[in-house]
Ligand code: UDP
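Next up: a single chain in structure tokens, the form predicted alone.
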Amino acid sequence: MNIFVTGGAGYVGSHCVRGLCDAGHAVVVFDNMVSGHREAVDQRAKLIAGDLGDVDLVDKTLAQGGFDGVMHFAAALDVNESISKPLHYYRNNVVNTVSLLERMCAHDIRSIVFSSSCATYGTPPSVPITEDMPQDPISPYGRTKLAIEWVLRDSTVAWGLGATALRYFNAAGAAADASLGEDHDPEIHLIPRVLQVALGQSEGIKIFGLDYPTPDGTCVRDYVHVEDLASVHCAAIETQAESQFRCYNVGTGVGVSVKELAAAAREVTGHDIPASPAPRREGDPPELYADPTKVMTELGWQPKYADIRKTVETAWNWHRAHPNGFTAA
């Protein structure tokens, strides 16, 4: 297949591009390079530096590409930032996706795999989360992801689009060979922030809230390895049919608290990870972890990384080899 990948120079996108190339697919990456890295893009893929807001460039690329499908990762993704900058999130995430879909429709490209999020569920009534639970997001970020799902559903009826929304949980880890990993500036995700402490780049971490209704009072999340995300994206694009909307929760099914994650990092790195309490952050549900039964049954997907220590170990190997991210490559 010939696949157009938006945001393919980013953390999750770059791992998925490698997975697509390994599976024998031809890949064109389209990324504005705001948070992506050229060094992260597999050399077997073609990279076009461009923004989805540049409709003419998107149109030209799709018109000339002969694409069989699209993987759509490009988005702003900081939940807390979305609360203070909602207009940026709606324009960047929703408006640009609508523009992309218009160009796909114009060039009769009827297959898309969308990087959705468990944030569409908001605070779920119970855990683990199943796909039939109410979607009631509590942040602008989550609402943008849900709005895109609505657009995809309506497009399957209106013009025969085939769409899969992968509602994944907390992407984590790094490539097994330590050649790809997470590099954000500023870093917003917990695992790399914890590992920055072990590297001596930070004095400690803050735990935002110690009074949640969870076993140890800290937030619980489902950390799904980035290489497992790559494999499920490949399975989704390879099985996508026209005029069909599918949604899947993608996670390990295991909830890990902030305290448990810090303890795992201490074990893996052999370093002390000082942690200090801080007030709760707006938009943080107490517990989010998946029931991945549907994706396992329908796509035959199985995560290879179910132990948080193994996931942290791959991230640690990446950060030790690239303490300054891709700039050190």
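The first residue of the sequence shown is number 1, and the count goes up from there. Bear in mind that the values here come from a model prediction, so they are computed numbers and not experimental data.
There is another form of the same protein, the form predicted in complex with the named molecule; it is not shown, and what comes next is about it.
Between the named molecule and Leu57, His72 and Asn96, in the predicted complex, does every residue show a non-hydrogen atom at 4.5 Å or closer? Contact check failed for every one of Leu57, His72 and Asn96.
What is the one choice in Arg193, Arg246, Arg143, Arg103 with a heavy atom within 4.5 Å of the named molecule in the predicted complex? Of the listed residues, the single hit is Arg193.
State the residue from Ala165, Ile148, Leu229, Cys219 whose non-hydrogen atoms include one within 4.5 Å of the named molecule in the predicted complex. Going through each option in turn, the one that passes is Cys219.
Want to guess which of 183-191, 234-242, 107-115, 83-91 is within 4.5 Å of the named molecule in the predicted complex, heavy atoms only? Looking at the partner contacts, the answer comes out as 183-191.
I'd like to know whether Asp284 contacts the named molecule in the predicted complex, with contact meaning heavy atoms within 4.5 angstroms. Output for Asp284 is yes: heavy atoms within 4.5 Å of the named molecule.
Tyr121 within 4.5 Å of the named molecule in the predicted complex, heavy atoms: Judged by the heavy-atom cut-off of 4.5 Å, Tyr121 is well away from the named molecule in the predicted complex.
Just to confirm, Val258 within 4.5 Å of the named molecule in the predicted complex by heavy atoms? Yes.
Would you please decide whether Thr156 lies within 4.5 angstroms of the named molecule in the predicted complex, comparing each non-hydrogen atom pair? Although the named molecule is absent here, Thr156 would stay clear of it in the predicted complex, with no heavy atoms inside 4.5 Å.
Residue by residue through 191-224, tell me which have a non-hydrogen atom within 4.5 angstroms of the named molecule in the predicted complex. Going through 191-224 in order - heavy atoms within 4.5 Å of the named molecule in the predicted complex - the hits are Arg193, Lys206, Ile207, Phe208, Cys219, Arg221, Tyr223.
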